[in-house]
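Let's start with one chain on its own, the form predicted on its own, as structure tokens.
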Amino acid sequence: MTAEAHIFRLDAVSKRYGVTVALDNINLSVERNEYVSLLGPSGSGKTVLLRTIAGFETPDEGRIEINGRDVSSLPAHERGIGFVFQNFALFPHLSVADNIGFGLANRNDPLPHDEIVDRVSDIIKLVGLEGLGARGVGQISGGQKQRVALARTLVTEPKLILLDEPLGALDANLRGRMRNELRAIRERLGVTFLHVTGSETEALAMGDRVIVLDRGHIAQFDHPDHVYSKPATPNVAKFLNRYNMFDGSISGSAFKSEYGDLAFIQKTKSDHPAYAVRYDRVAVDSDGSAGKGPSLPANFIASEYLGSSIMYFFEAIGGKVIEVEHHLSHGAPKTFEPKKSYRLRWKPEDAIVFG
């Protein structure tokens, strides 16, 4: 891939705070006109990485290129990047239109007033804020404030926009609608979005590709379906919150665990052995009898209704909780007796072994 295909590149970027390593030798290239989700648990370095790209933090080592230009030592306002904060950071004393046009009117070479008005008007239509330009930001809803924050960035016409958990302050229903709108706006403008989120569902739903950050390292950078079905490390699988994880060791074609030898077919190289099987790949045998394939006995604890599916919770040896997901599109929900023993079973090809 040529350098021109990348909107930005990080080469061996590291950032420390005293003895704490926030970013450790990060190498990353993101293409133009791409929506990339940046996912990771709290403390993984997501926001530090975003702020380092933006210029709000200075890396201790490494090089940052944007549009093929080394910007490692440039301040944030000279990098040509848009940034949308989680708390929106709107000016409470300005109207919606004045908030959006603030950057155009106050840059080093401010645009003519008529051009600012035209560009603000166009972007207001793009983000669905028609008729609200004269209102104060205290007179609009949370979702509308999110649009104002996005419009204020888009109106400056950056080629790269960084979003730091922009949907975190919205309710669940509004987050779902704004996901679709963000993707549609990005596609219409042909810009690159790098979207930080702590939600695995949001990351997988929105990203053309997903970066999973783990303790300052990039654990995986791939398409959402690959991250979901083929996590690169045990920690990625854990953070996706879709896998039952078992400790143990590999011996030939079996994974030795406290539940016996568990068969598998797929193996992913890792320094830390682990056995993973997705929640929706586990079946429940009511009679508790042994049969083909990996299995283990467990007692039913409780269930949780999630709308399109039901989660069943079982307790195995040692108090480990095993989760089983049943999609209601596959049939009516099942009934299990509390504290009764069942056998949980799955196919070897549905397991992923790390080691």
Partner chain sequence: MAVPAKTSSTTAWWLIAPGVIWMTLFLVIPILMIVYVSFWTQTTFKIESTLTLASWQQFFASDTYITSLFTTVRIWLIVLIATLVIGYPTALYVGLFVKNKTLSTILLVICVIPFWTSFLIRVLAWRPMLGKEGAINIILQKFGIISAPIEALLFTELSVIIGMTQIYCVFMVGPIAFMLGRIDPNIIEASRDLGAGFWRIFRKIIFPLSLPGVVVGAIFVSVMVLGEFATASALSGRKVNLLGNIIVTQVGSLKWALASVVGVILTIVMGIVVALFLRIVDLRREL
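Numbering follows the first chain given and starts at 1. Only a predicted model underlies this, so the values are computations on that prediction, with no experimental measurement involved.
Missing here is the form predicted together with the partner chain; even so, the following discussion is about that form.
Site residues Ala76, Gly82 and Phe85 are all in contact with the partner chain in the model of the complex, judged by any heavy atom within 4.5 Å. The shortest heavy atom separation between Pro110 and the partner chain in the model of the complex is within 4.5 Å.
Taking the partner from the other structure, the partner chain in the model of the complex has no heavy atom within 4.5 Å of any heavy atom of Val191. In the model of the complex, Lys320 stays away from the partner chain, with no heavy atom inside 4.5 Å. Shown alone here, Leu90 lies within 4.5 Å of the partner chain in the model of the complex, counting heavy atoms only.
Remark: of stretches 300-308, 62-70, 48-56, 25-33, the one touching the partner chain in the model of the complex is 48-56 (heavy atom within 4.5 Å).
Though the partner chain is absent from this view, in the model of the complex it lies within 4.5 Å of a heavy atom of just one residue from Ser257, Thr268, Thr156, Ser95, which is Thr156. None of Pro273, Gly143, Gly133, Gly103 but one reaches within 4.5 angstroms of the partner chain in the model of the complex through a heavy atom, and that residue is Gly103.
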